[in-house]
Each structure stands twice: as structure tokens, then as C-alpha cells.
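For reference, the chain that follows is the form predicted on its own, supplied as C-alpha cells.
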């Protein structure tokens, strides 16, 4: 077979602010691959179908000398992240051609060779759901919400929870888990359209943090017993200032600081002590062994039935991936941002 195109999205340079398409990331359609003869070194060759654009990926766009929980991207190499693909060739007894697989290490490319098979999971598609859901509500975002809510919330009926970034793929899932537990839910989002989504999903109080003062909302609607933090910064400080005694703070992300390293002045840190606040940071994979079985048993059926709702924002074509990564950082996506590379 003659070589075919293998377009890629290359990490071109370290950004100082938002990741700029064509500068931070570059779409390169010059590469080719021979699907029949390319060496696999005991691994598998995957045709990439769906890729996930996630906030955490900005943290990987850094100098490799800066240590973090996840390795930095290498300049000149493809960006990678969570994705779903179909195996074209396999040199492993674990996988065969035609298998649908999910991995956190899928390159932003049309084809990707995977040799770290311990991170490769087979997907048994749930009837009635698109494969794109496996990078969203049935992927890392859904697992992030479910695992950490179950592990840390200690939710009691009648309590009040504040979810920042409540219109995102994690926030919408958390919001619905909280409502199903009988909690009063306060949710913030960055556009009126997103506020409407938060309301539609059942939030008791939904507001646009860009036009409404978070501090004032929490003063009138709190105190809050649980804070699910996707934002950090001044929003975290406002939550600390309006926290109930023995409240639980679940620290999922702090996107307000991902593209701006100046930080904010925190006025309410002493409340962690005075109000006996518990704060838990986590990475979803740390909780997988505890909660994966329950998640896989319950959540797919809840998505099919509509008991748990989800929204997707799909960018069609790998060439749109750089824009998709930027949209996630600036909050311009509406729902889980997915890059559709190929449909089969």
C-alpha cells in the first residue's frame, strides 16, 4: 500500500499567555505513513477518531525543566491527550484490528502508534451513544466529576454546593450529581447562554460571574457546605469567605491562573483554619481503582436514558484543533470540546 497522509498538530513554542493557533500549535499536513509497514515495536497502530481538548493541556505547554504532575509537551512533537481511535494493525495479543480504544496519550494526528499499552483501554460502545462521549461524559471529564464527588463531597440532603465553571463538562456533571443528592446548587458561568444551560440542568441559583459579583451571590445564597472549584483565584477566595463550618472544598482545577501567572491577593485563607474547612486536590486517575467499576456499571445507562444530560461542542477536522484548544482556555466552547478527526 502506498503511504497516506498523517497530518499532525505540532507543539511549536511555549506560550506566554493563551495558546495561539499557528504559533503555539501548528497544523502540519506534510507527514505520511505506510499503514502496512510502519514499525510498531510491539505496539498498535491507531486511526484517530475523536480527540479531547481539555483545560489541563495548557499546563503541559511549558518549559520541560518545570516539574509538574504531568510531563511537558516536547517542542517539535505532536500535542497529545485523551482520545478514541480504531486499531488498524496490532503486534500485541491484547488488541486486534478493528478494536475501539481509549487512551490519555493519543497524539493529535490522523494516525498514532501506541506502545504504552498499559494506558490503552478497549471501548465497548454503549448502544445509543456516539464514540465522542468516551472523551467527555464517559471519559476523563465524567470520571473526574463522579470519582471526586463520591470520594470527597460527603454530601447531605439540604446542604448547599457552589460549582464554579458549572457549564463545563465537569461542572454540568457535578451539578446533576448534587441535585440528585438533594442539595441546593449554586452555579456560575461566563455567558448568558451558559447560565441558561446551568438553570436548565437544575441549578437553584445560576449567575454570570462576569456581570454579577460572586461575593454578593454567595453572601445572599450561602453559606456553602461544598465548593467544587474549577476556577481558583478570586472565585476561590470568595468561596472561602462564605464557607460554612466544616465545609468541603474539592479542588479540581484553577483555570483562572493557567494563562496568567500574576495571581490574586487572597483575603480569606484564614477561614480554612477558623471554619475547619477540608480541602482536597486530586487527579482523577488516583481515584480510578475505587470508583471505576461503579461508574462503568451505572453511568452509561444514565446517559442513554437522559437521567444525566451532557452537551458537546464538536470541531470537525484536525486542522481546527489549535482553535479548539484556545476556545477551551478562553471559555468560548459550549459543552465538551471535542475534535472530530475521522468518523470511522
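Positions refer to the first chain, counted from 1. Worth saying up front: this structure is predicted, and the values here are computed from it rather than measured.
The discussion below concerns the form predicted in complex with another copy of the chain, not included here.
Among the candidates 222, 81, 253, 141, the residue which, in the predicted complex, approaches another copy of the chain to within 4.5 Å (heavy atoms): None of the other options qualify; the answer is 253.
In the predicted complex, the one of 68, 288, 37, 296 near another copy of the chain [non-hydrogen atom within 4.5 angstroms]: Filtering the options by heavy-atom distance leaves 68.
Residue 266 within 4.5 Å of another copy of the chain in the predicted complex, heavy atoms: Yes - in the predicted complex, heavy atoms of residue 266 and another copy of the chain come within 4.5 Å of each other.
Close approach of residue 262 to another copy of the chain in the predicted complex, 4.5 Å, heavy atom: Heavy-atom contact with another copy of the chain at 4.5 Å: present for residue 262.
Partner contact for residue 111 in the predicted complex: another copy of the chain, 4.5 angstroms, heavy atom: Taking the distances in the predicted complex, the answer for residue 111 is no, it never comes within 4.5 Å of another copy of the chain.
Another copy of the chain contact in the predicted complex: residue 27, any heavy atom under 4.5 Å: Looking in the predicted complex, residue contacts with another copy of the chain do not include residue 27, since no heavy atom lies within 4.5 Å.
Every residue of 257, 272 and 280 near another copy of the chain in the predicted complex, heavy atom within 4.5 Å: Checked in the predicted complex: all three residues contact another copy of the chain.
Answer range among 94-102, 130-138, 244-252, 113-121 for contact with another copy of the chain, defined in the predicted complex as heavy atoms within 4.5 Å: Single hit among the candidates: 244-252.
Neighbours of another copy of the chain in the predicted complex among 149-174 [non-hydrogen atom within 4.5 angstroms]: Nothing in the stretch sits within 4.5 Å of the partner.
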